[in-house]
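Just one chain is shown here, as structure tokens, and it is the form predicted on its own.
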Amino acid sequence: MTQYRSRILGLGAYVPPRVVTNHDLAKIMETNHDWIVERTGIEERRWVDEGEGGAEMAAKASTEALAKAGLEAKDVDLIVYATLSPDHNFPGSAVFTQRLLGLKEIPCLDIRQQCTGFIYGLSIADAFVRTGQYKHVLVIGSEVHSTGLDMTTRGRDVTVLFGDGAGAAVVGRATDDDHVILSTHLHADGSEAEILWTDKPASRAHPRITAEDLEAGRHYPHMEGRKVFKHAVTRIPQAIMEGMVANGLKLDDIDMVIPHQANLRINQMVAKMIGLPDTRMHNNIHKYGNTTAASIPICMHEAIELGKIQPGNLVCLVAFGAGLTWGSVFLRY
């Protein structure tokens, strides 16, 4: 059987036009701009207006990714859609994106690895392209958080973190060693899954949600911030080191690290721990907040547009998120 290698052929990104600043949030809950920036680095985020969902954003990001790859929608063989905020309970959002792109019959795969979703999606695409089963895989991360946040002081610690947006990559066959996905590294550990989750509604509960659940806010995201922070600053360096060892690399070989945009303080601590200069890690959380599965493609797209990532550069994508899940992708762009 012929063995291929894969590469990212094109990237696209989309964020809603509505800007929500820290000052806007301070009008509806007990918080302030300085408090949010000090703890998270976030200054503003984008939230959808009524009538725009994850699939619509995904289709816009995908259209740009396809154009950058020099392809049309009909060239896509598989859609892999990562999100923790699907437009509907079922079916998954991938089929709605497929429909918006004017496609039919190609397989659609929805995955639920939260902040690590795009990393998992790239790994799946890489595997399918390597085997030759599919030639072009569209990997999407798209999130609408704003419609599921507690807009009161009770929920401020979580609500201030999240934004909406979408990113997409077209993964196809590599034809040389200068533009190639080198390796992917995936991990999960459910031992402390409840430190970052949304409890209700839940199919294991009878009924799935009650008036008491609503009153207690169990349908909103819950996070034990200190525990999550500790795990993140441990697992992210491990995932970077794992990829370096697998590919025989030194830190100086990496041109750019694109980390998941959960909290600027996490990323700054990771960079300090491993000795990575600020010039070789790109962050944009101050503008968009945490867009979960969409954060890495949005961030990488911006780094390319700014000229921070050039063709042939060695790039490390790395993430940690709910599950708990973490992983990395090493590639030459």
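Residue indices: 1-based, along the sequence shown. The model shown is predicted, which means the values in this text are computed figures rather than measured ones.
Keep in mind the form predicted together with a small molecule is missing from the figure; the text below concerns it.
> Where, among 263-271, 299-307, 56-64, 276-284, do residues come within 4.5 Å of the small molecule in the model of the complex by heavy atom distance?
Replying inline: Selected range: 263-271.
>> Is the small molecule in the model of the complex close enough to V160, G225 and V228 that every residue in that trio has a heavy atom within 4.5 angstroms of it?
In response: Yes.
> Applying a 4.5 Å heavy atom distance criterion, does L196 contact the small molecule in the model of the complex?
Replying inline: The answer is yes: L196 has a heavy atom within 4.5 Å of the small molecule.
> According to a 4.5 angstroms non-hydrogen atom cut-off, is I140 in contact with the small molecule in the model of the complex?
Replying inline: Close contact is absent here: in the model of the complex, I140 is far from the small molecule, nothing within 4.5 Å, heavy atoms only.
> Does E30 reach the small molecule in the model of the complex, with heavy atoms at most 4.5 Å apart?
Replying inline: Flag for E30 set to yes.
>> Is A169 near the small molecule? Define near as a heavy atom within 4.5 Å, in the model of the complex.
In response: Close contact is absent here: in the model of the complex, A169 is far from the small molecule, nothing within 4.5 Å, heavy atoms only.
> Which listed residue (I258, V76, A232, A125) meets the criterion of a heavy atom within 4.5 Å of the small molecule in the model of the complex?
Replying inline: That would be A232.
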